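In structure tokens, the next block holds one chain alone, the form predicted on its own.
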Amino acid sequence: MITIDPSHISTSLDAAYATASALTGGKNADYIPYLAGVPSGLFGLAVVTPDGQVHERGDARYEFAIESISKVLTLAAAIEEVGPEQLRAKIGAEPTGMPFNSVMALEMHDDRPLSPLVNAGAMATASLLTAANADERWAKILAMQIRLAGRQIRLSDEVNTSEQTTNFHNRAIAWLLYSGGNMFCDPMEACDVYTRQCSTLVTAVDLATIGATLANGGINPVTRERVLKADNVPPILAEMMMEGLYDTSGDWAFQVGLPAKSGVGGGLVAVAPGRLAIAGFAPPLDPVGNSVKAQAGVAAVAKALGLNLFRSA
């Protein structure tokens, strides 16, 4: 692990928070009614290091819907259970180059998902977990969220109801997966559980803790529990690098050079392996579905600390 001077982290956070706070533009996701009603002026940044230091600014303790960032945590649960090679063989490890809820991406590849970080792949990933029923499958996923965050994460009934009553597109995707032999449990069970996993509440500090667990080789820096096998962390980070920011994942890799994952709830987490994790939260999104302020804030901290993985020394 490489230790970064805490004062440097603090100074970088101050500057990034001030710069990103001044940004305008973007709008809350409105296709999920709950998200449309979240105050759009909220903004928080957080950094957690492998030795458990927590640095935060703004609304970093505000609870918001985890949404698509949950795909990383379900991926972690599945990869621990079935291993990286089976995960890659059944789900895939390639960017789709299309929106996260694309049906065309499935149709072009014989109803096979290419990535666990798009909706189709996330539902298929949830279906890989061995479980007797939906509640048992859900319990495994929630347990992983709790262990990675290091605190009691809870399902929001309000978010879940809002999502379950509007998830018709995902239901259709689940049936397409099933028709292609790429769904490994009842398709509506997988869709239900996937919807639940997106409906838990987290904070920017939680996301930074999750990211720091990945940066720390699978050991949670707050609880000191080994949550993931060390060998399972690199495949997770690789998936995040390729598909973590939807259609702009390549641009993020080009400009920031860190594996990351965003969600339409306004959250974003980026991981600098062996160093730290940075997370941001602000509800207004760009047209692709990434938080405008969180992207800017996280990128500014990463640049100030020289964390781009593609730099030599």
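Source: prediction; values computed, not measured. Numbers for residues come from their place in the sequence shown, where the first is 1.
One more form of this protein, predicted in complex with a small molecule, exists but is not displayed; see below.
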### Task
Determine whether any heavy atom of Phe254 comes within 4.5 Å of a heavy atom of the small molecule in the predicted bound form, and answer yes or no.
no
Although the partner isn't part of this model, could you tell me whether Val264 comes within 4.5 Å of the small molecule in the predicted bound form, counting any heavy atom of the residue? yes
task = With heavy atoms only and a cut-off of 4.5 Å, decide whether Cys198 touches the small molecule in the predicted bound form.
result = yes
Using heavy atoms and a 4.5 Å limit, would one call Glu163 a contact residue for the small molecule in the predicted bound form?
-> yes
Among 67 to 75, 127 to 135, 203 to 211, 145 to 153, the stretch whose residues bring a heavy atom within 4.5 Å of the small molecule in the predicted bound form is 67 to 75
As a check of understanding, the residue in Ser115, Asn170, Asn182, Asn220 with any heavy atom within 4.5 Å of the small molecule in the predicted bound form should be identified as Asn170
- [ ] Would you check whether the small molecule, in the predicted bound form, lies within 4.5 angstroms of a non-hydrogen atom from each of Ser21, Tyr62 and Phe281?
- [x] no
